[in-house]
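Okay, so here's just one chain, in structure tokens, the form predicted alone.
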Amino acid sequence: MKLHPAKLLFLQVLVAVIALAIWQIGATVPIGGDYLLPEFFFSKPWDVLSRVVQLFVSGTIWKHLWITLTETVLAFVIGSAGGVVIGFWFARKPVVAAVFDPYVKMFNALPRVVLAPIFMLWLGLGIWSKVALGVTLVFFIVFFNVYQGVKEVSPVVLANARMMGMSERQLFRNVYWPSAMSWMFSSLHTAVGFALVGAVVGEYLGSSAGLGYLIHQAEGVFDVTGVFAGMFILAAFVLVIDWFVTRVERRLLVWRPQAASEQN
């Protein structure tokens, strides 16, 4: 069952309002002589909102927001493009996939936090060390989904297409690419968040600007309100980028049946 957009939006807003109300009550109303969410550790919703507004009105946030946006977009584009190309290549070349399989699994299992200092040593404290960290997160998400999407092509469809005389280029355009498209966009929604995670973690570990830097500075002086304000901006940031990816997905996947779109 698909909800009406207005009803869906109402329920989504309702969840946020309930969560904020619980937060506000827990931070301001003592229960049994104690606060469930002490202000020192959790701040208060209104204080966080005021800090967010202050950051935007004063103009402090714009420089940091732009740097994080640049790092996120670069990591997302480079990682996604690499994942799509390599995923297609491996899916179409089983021997290559078999040879590199243990190495792919090995690199995917490496903790990204361990790689961050190495990238900073190689690429410096500028944006490219953060981009590299984001790429390592995005690449494998897209790679595995595209690889699986191509492998999921029905052998019957392939056989029929070849019987009709389709070339490899035509197979790619009319069979493999549509099959992988749904898988790819499914992974891109997740990859957006991970691209931002890579950028922010890199900024947190070593930088002079960016949202991760702001959060690190606030944390260093026990400014819980500043930390939550930074987290709120990050969350809104991800929603905006994900909305953009959704718009592109709907435009490119117009060939899908309406039922399939609703299930997604």
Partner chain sequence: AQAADVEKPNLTLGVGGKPLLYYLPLTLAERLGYFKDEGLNVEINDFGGGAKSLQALIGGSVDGVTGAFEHTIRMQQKKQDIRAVIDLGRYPGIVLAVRKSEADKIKTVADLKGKNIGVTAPGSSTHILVQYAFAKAGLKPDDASFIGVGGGASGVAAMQKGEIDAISHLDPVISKLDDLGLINVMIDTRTTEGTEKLFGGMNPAAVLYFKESFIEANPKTVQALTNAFYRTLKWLEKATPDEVAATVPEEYWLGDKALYIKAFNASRPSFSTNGNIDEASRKAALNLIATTDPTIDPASIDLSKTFDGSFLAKAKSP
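Positions refer to the first chain, counted from 1. Please read all numbers here as calculations on a predicted model, not as lab measurements.
What follows is about the form predicted in complex with its partner chain, which we do not show.
*Asks:* Could you spot which one of Leu74, Val84, Met120, Ala132 gets a heavy atom to within 4.5 Å of its partner chain in the predicted complex?
*Replies:* Checking each option against its partner chain in the predicted complex, the one that comes within 4.5 Å is Met120.
*Asks:* Can you pick the one in Thr28, Ser50, Gln217, Thr70 that has a heavy atom within 4.5 Å of its partner chain in the predicted complex?
*Replies:* Of the candidates Thr28, Ser50, Gln217, Thr70, Gln217 is the one lying within 4.5 Å of its partner chain in the predicted complex.
*Asks:* Find out whether any non-hydrogen atom of Ser58 is located within 4.5 angstroms of its partner chain in the predicted complex, and reply yes or no.
*Replies:* No, no contact at 4.5 Å.
*Asks:* State yes or no: in the predicted complex, is some non-hydrogen atom of Phe222 no more than 4.5 angstroms from a non-hydrogen atom of its partner chain?
*Replies:* Output for Phe222 is yes: heavy atoms within 4.5 Å of its partner chain.
*Asks:* Leu125 near its partner chain in the predicted complex, any heavy atom under 4.5 Å?
*Replies:* Contact check for Leu125: yes, within 4.5 Å of its partner chain in the predicted complex.
*Asks:* Should Pro45 be counted as a contact of its partner chain in the predicted complex, where contact means heavy atoms within 4.5 Å?
*Replies:* Result no; Pro45 lies far from its partner chain in the predicted complex.
*Asks:* Though the partner is not shown here, which residues of 204-221 have a heavy atom within 4.5 Å of its partner chain in the predicted complex?
*Replies:* Residues within 4.5 Å: Tyr204, Leu205, Gly206, Ser207, Ser208, Tyr213, His216, Gln217, Glu219, Gly220, Val221.
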